[in-house]
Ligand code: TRP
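A single chain, nothing else alongside it, follows as structure tokens in the form predicted alone.
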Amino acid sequence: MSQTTDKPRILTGDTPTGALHLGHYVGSLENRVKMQDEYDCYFIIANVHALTTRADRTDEIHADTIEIVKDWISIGLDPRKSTFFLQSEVPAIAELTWYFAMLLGYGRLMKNPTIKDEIRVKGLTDQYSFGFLMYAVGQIADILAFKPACVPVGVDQVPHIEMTREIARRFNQTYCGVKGTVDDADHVKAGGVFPVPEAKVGRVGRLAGTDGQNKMSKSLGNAILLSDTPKAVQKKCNKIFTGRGSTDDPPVLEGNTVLEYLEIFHEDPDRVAELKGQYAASELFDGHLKKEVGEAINRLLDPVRERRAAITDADALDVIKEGTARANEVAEQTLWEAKKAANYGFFEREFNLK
């Protein structure tokens, strides 16, 4: 069951590190919603990866796993069209992680700029676990276990996808006899087990947080959550960094996070142009723009909040149990094909949830 439909497949997902936010939405989530009818979609809740920084807080990870499912459904992802599944309950991923780790050099892994950024932003210095490095290999297995044609991601995840592409090529060349001259698009046709997937970046590759300095992140306290109340949204918008010291200073037009949010979230381009013109002419000030931005974001989130309120924890668990059963069929088939290609295919097996 390596392909459940004739549609090309996508694989993407989220790590349960807290409620999802607007950065997730414009970076990947809205792309997923648009792609549901055109692609065979598999969405992973990467709860094993959450252990890299919260191994001592598994109760929180468990709760955040449920919240991610609620966020997904509330923004329009449909479990009747797509497969939602839980990483920790798909053992083929863990086994593939080992095989791929043998094809990836330590030096290459540490050149991944995303890993360097995470070490810096999270203040880990050299106090990170071995599992923190292994999670990057695990992401490769997350993806290739489902043989996707593309992976919708934010721009900061593109280096991970490039590393995944390298490992897909290396496996196919090492174990399947695919020549190094074969185009990426032709690897499976040439006998490779794995396609070489492409990254698909959302309309906003990197959304700045309300601090205007770092990308939006709940851990940095600069995020507007999909589950925030209207009052909380406006309160956070009122604190958005504009680069302006006081109303006596001229308006800052470059690198102004309020203007960026206005362009991204306001649904009326003519109104955006009008506001920007008035702001540039100092006919209105930061507070007015922040109010407009808050109202636009709340218009986007109002139906999301309404749908979310109707989803119970039991509903969320039912969705991921059903999806995980389907995901195991696909991942086990991929693992079997990979093991046969590598001459490790001693026994075929099945894995079922009780």
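This one's a predicted model, so the numbers in the text were calculated from it and none came from an experiment. Residue positions are given as counts along the sequence shown, with the first one as 1.
Although it is not shown, the form predicted in complex with this ligand is what the next lines describe.
Peer 1: Heavy atoms within 4.5 Å of this ligand in the model of the complex: which stretch in 217-225, 251-259, 272-280, 135-143 meets that?
Peer 2: The contacting stretch is 135-143.
Peer 1: Classify Ala331 as contacting or not contacting this ligand in the model of the complex by the rule of any non-hydrogen atom within 4.5 angstroms, answering yes or no.
Peer 2: Although this ligand is absent here, Ala331 would stay clear of it in the model of the complex, with no heavy atoms inside 4.5 Å.
Peer 1: Given that this ligand is not shown alongside this chain, does Val26 nevertheless sit within 4.5 Å of it in the model of the complex, heavy atom to heavy atom?
Peer 2: No, Val26 sits far enough from this ligand in the model of the complex that none of its heavy atoms falls within 4.5 Å.
Peer 1: Ile320: heavy atom within 4.5 Å of this ligand in the model of the complex?
Peer 2: Residue-level check for Ile320: no, no contact with this ligand.
Peer 1: So in the model of the complex, does Val293 come within 4.5 Å of this ligand, heavy atom to heavy atom?
Peer 2: So Val293 does not count as contacting this ligand.
Peer 1: Which listed residue (Cys237, Leu207, Val151, Ile75) meets the criterion of a heavy atom within 4.5 Å of this ligand in the model of the complex?
Peer 2: Here the answer is residue option Val151.
Peer 1: Who in 189-213 is close to this ligand in the model of the complex, meaning a heavy atom within 4.5 Å?
Peer 2: Not one residue comes within 4.5 Å of the partner.
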